[in-house]
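Shown below, as structure tokens, is a lone chain in the form predicted on its own; questions about how it binds or moves come after it.
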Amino acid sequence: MKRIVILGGSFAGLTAAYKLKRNLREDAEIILISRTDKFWFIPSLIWVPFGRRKRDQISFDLKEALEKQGILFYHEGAKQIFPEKNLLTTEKRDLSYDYLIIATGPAYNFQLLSGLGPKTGYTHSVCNINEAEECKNAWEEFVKDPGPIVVGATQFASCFGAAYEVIFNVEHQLRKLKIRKKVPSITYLTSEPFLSHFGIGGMFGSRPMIEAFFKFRGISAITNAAIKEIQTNKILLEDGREVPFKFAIIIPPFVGQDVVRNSEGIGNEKGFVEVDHEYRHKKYKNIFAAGVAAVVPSPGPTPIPVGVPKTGYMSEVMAEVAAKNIIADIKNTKHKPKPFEKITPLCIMDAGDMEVFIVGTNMFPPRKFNALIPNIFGDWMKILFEKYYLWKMKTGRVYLP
């Protein structure tokens, strides 16, 4: 019996665990290790600051879900990987493996800039549930005495979709609370070379659509922005400009988790794992990585450095490819690679009182087809998808779309 250990209990980790167990059954022992005991539907964190979601609405217990499927769950942090020994250590044990999947997700590099982040800086975050709840408290204080707002993403950041969703929701909430006129400016600050670049080179027709929406909602944008420093009530850019704010949400760059950075030969200087088109480690052939933990190609350089996003859907696809190729190894069948740039971009971007469907034939241009399709009748599709996806992952039905 093969032992397959998976680090991480989010989109990539759960997908891989369920896929492997469903196909290998008693031929493999599947163990999932996570430092959190819950699965979080991360796309819904953008609603938490505005009271549209609470933590129990967007999460479920990992132990209960996994053990119903015959998968062992260890609620503990992974500390170090010893690839030459096929061994890893956690906070509680040493564990050998035949195959290892690293799906540990991101750590957040708030240390990049002085004044960045909710703990030691002046900006807020929606990167995890605790930060989103802290942001909610700050938002409730802000609406009592409004002022300028800045939302955006730093240089090297990659999660631009969340920044767009946040700024649209901020503007929508201001109108809903009837205080929009009390806010002198709403500014989107981004390292993207143009609006709707998203870190993937943009989509056909997306730029004029987003620019028109910004103009309609009275949102100004500063692209190609490199932040120098964040002070109490203003953001200083490298080009000398200053952007005032009273409330700001700024997405930081992601870096790899400590377990990768602490393990010699596993990751690069940022803690991400170099993989091939099977999401297999380039040196250690029984180690795979999927989701944020994996290094993926870039569509090309930009004037200000940006990262490539790895959404929940992309993470799922990478994890499924990794799982299929582990199964192929064990069953001695044909391997099936899938380059990251060939993954279909699929996303529902919430815009407060509406939503936009993002779809294309492959991740990077040129594409045979790609489009942004607005749903002007509300954001009910993303809400329905949230509920469907939580049910799907809680019950292990990753074979469903």
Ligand SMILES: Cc1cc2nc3c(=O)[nH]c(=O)nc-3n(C[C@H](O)[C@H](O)[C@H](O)COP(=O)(O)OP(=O)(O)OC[C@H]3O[C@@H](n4cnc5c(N)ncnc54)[C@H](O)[C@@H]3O)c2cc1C
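Each residue number is its position in the shown sequence, starting from 1. All of these numbers come straight from a predicted model, not from anything done at the bench.
Keep in mind that the form predicted in complex with the ligand is missing from the display, and what follows is about it.
In the predicted bound form, the ligand sits within 4.5 Å of a heavy atom of Ser315. The closest heavy atom approach of Glu165 to the ligand in the predicted bound form falls within 4.5 Å. Contact check for Ile101: no non-hydrogen atom falls within 4.5 Å of the ligand in the predicted bound form. Although the partner is absent here, Pro146 sits far enough away that none of its heavy atoms falls within 4.5 Å of the ligand in the predicted bound form. For the ligand in the predicted bound form, the listed stretch (43 to 51, 365 to 373, 64 to 72, 337 to 345) containing residues with heavy atoms inside 4.5 Å is 43 to 51. Not one of Gly117, Gln155 and Pro253 places a heavy atom within 4.5 Å of the ligand in the predicted bound form. When the ligand is considered in the predicted bound form, only one residue from Phe247, Tyr108, Tyr97, Phe214 comes within 4.5 Å through any heavy atom, namely Tyr108. Note on contacts: among Met203, Ile230, Cys159, Ile186, the single residue with a heavy atom within 4.5 Å of the ligand in the predicted bound form is Cys159. Shown here without the ligand, the chain has Gly8, Gly9, Ser10, Phe11, Ala12, Gly13 in 1 to 21 lying with a heavy atom within 4.5 Å of that partner in the predicted bound form.
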